[in-house]
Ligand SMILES: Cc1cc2nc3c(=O)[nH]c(=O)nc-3n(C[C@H](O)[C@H](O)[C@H](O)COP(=O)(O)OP(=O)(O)OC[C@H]3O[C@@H](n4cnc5c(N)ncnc54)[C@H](O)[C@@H]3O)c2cc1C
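Below, in C-alpha cells: the form predicted alone, a single chain.
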C-alpha cells in the first residue's frame, strides 16, 4: 500500500465524495480533504439513474454504500418507448433511480463519518496550491485540476449536435420512458423516469432545426419549461415542468488521453464524459474511485499505483464511453429514423449502442423480441 499522509480532492460530487470514503476506509491514518466551490446542496438535474448492472458493481465492491442507497431507490423492470402515439414495452431492462441530492447527502454523511474533511463554498483556482501527497481532480467537466496541467492530461474535445434541457416534474412514471414526437416545427424526444415517489426527471431533446424553429435560444428557464410542458402535455398528463439550472446545451464529448500527471489524477467527468442516454456517468465516476483506491492499496510507490490505475481503468471506461458516444450519435439522428414503424423503431433504439446482439436481446427481452420477430415474419 502507498504510504500517504494527506490527499486533496477537488470536487464534492459523487466521484470526489466516494473517493474520500474509500481513501479513509483504506488508509485511516491519511488526512483526506475535499474542496468544493459550491454550497453543500447545489446540484444540476433531478434524478440519477443506474442500470441493474451498475448496481451489481456497487454490491460487489462496496456493500455498505449499496445497502444505504438501494432502499431509497425507485426501481422498475421494463422500458417504455412511445412513437406515433403507440406504446412499445421493452421487457427485462432493469433500472433504478435516486434523487441526485439524496445520493449526495448519503455520500456526504458517509464521507464525514469516515473522517474526511469537506469544505464547501471554497473555489480552488488551479489546484497548484494544494499540498497533498496526492491530488484528485473530481471536479467535473470544467476541472481546474485538469486545466492546471492541460498539456499533460491531453484532453480531446467534441460536441454532439442535439440540444437538451434537464427538467423535473411532480409526476411519477411507471418505467424509464422515451417519448418521441413530431410536431409542425420539428421532432423532439423526452427521456423521463421517476426518482422518488411522485417525482421524475424529464429531459427534453431536439435537433438544431427544431431548436431554432421553437425559438428556445431566446427563452429563459421558466418560459422553456412552460413551452416544453405544453409540447409534452400528453406524456405529462398536464403536469408542469420544474427547473433547476435547466439551460439548453449540447452534450460535450471529452476523453483525456492521460488521467495522471505527477501526483495528480482525474476521475469521472474531469477525465471523460458519457452521454446521459445510457445513464453511466455516475457509475463511471464511482468505479473510477474504486479502481484508484484498489491500485493505491496494491502498490508501494505512488507513481506505480497511478500508472497501474490508468492502465487498468482506461480500457474499461473506454468501452462504456464508446457505447455512450454511439448512443448519442443515434439520438443526433433520431428524426430520420422516425419514419420507421414503432416496433422497428424500438428495435433500432435498443440496439443503438452496438453492445446488444440478437441472442442477448432474446434473453433480456423475450416478450419484446417475440413481438418484433413475429411482425418481421408477417402473416403466414
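Residue numbers count along the first chain shown, from 1. What you see is a predicted model; the values in this text were computed from it and never measured.
Below: the form predicted in complex with this ligand, not depicted.
K.L.:
Looking at this ligand in the predicted complex, do all three of 38, 251 and 269 come within 4.5 Å of it through at least one heavy atom?
P.N.:
Yes: each residue has a heavy atom within 4.5 Å of the partner.
K.L.:
Can you pick the stretch from 235 to 243, 299 to 307, 117 to 125, 76 to 84 whose heavy atoms fall within 4.5 Å of this ligand in the predicted complex?
P.N.:
Looking at the other structure, the answer is 117 to 125.
K.L.:
Would residue 285 sit within 4.5 Å of this ligand in the predicted complex, counting heavy atoms only?
P.N.:
Looking in the predicted complex, residue contacts with this ligand include residue 285, since a heavy atom lies within 4.5 Å.
K.L.:
Even though this ligand is not shown here, does residue 205 get within 4.5 Å of it in the predicted complex, heavy atoms only?
P.N.:
Contact with this ligand, no.
K.L.:
Against this ligand in the predicted complex, would residue 166 count as a contact residue? Criterion: heavy atoms within 4.5 Å.
P.N.:
Taking the distances in the predicted complex, the answer for residue 166 is yes, it comes within 4.5 Å of this ligand.
K.L.:
Would residue 20 sit within 4.5 Å of this ligand in the predicted complex, counting heavy atoms only?
P.N.:
No, residue 20 stays farther than 4.5 Å from this ligand in the predicted complex.
K.L.:
Which residue among 261, 280, 175, 108 has a heavy atom within 4.5 angstroms of this ligand in the predicted complex?
P.N.:
The residue from 261, 280, 175, 108 that makes the contact is 280.
K.L.:
Just to confirm, with a 4.5 Å cut-off on non-hydrogen atoms, which of 144, 101, 293, 231 contacts this ligand in the predicted complex?
P.N.:
Going through each option in turn, the one that passes is 144.
K.L.:
Can you list, in sequence order, the residues from 6 to 22 that come within 4.5 Å of this ligand in the predicted complex, counting heavy atoms only?
P.N.:
Residues within 4.5 Å: 10, 11, 12, 13, 14, 15, 16.
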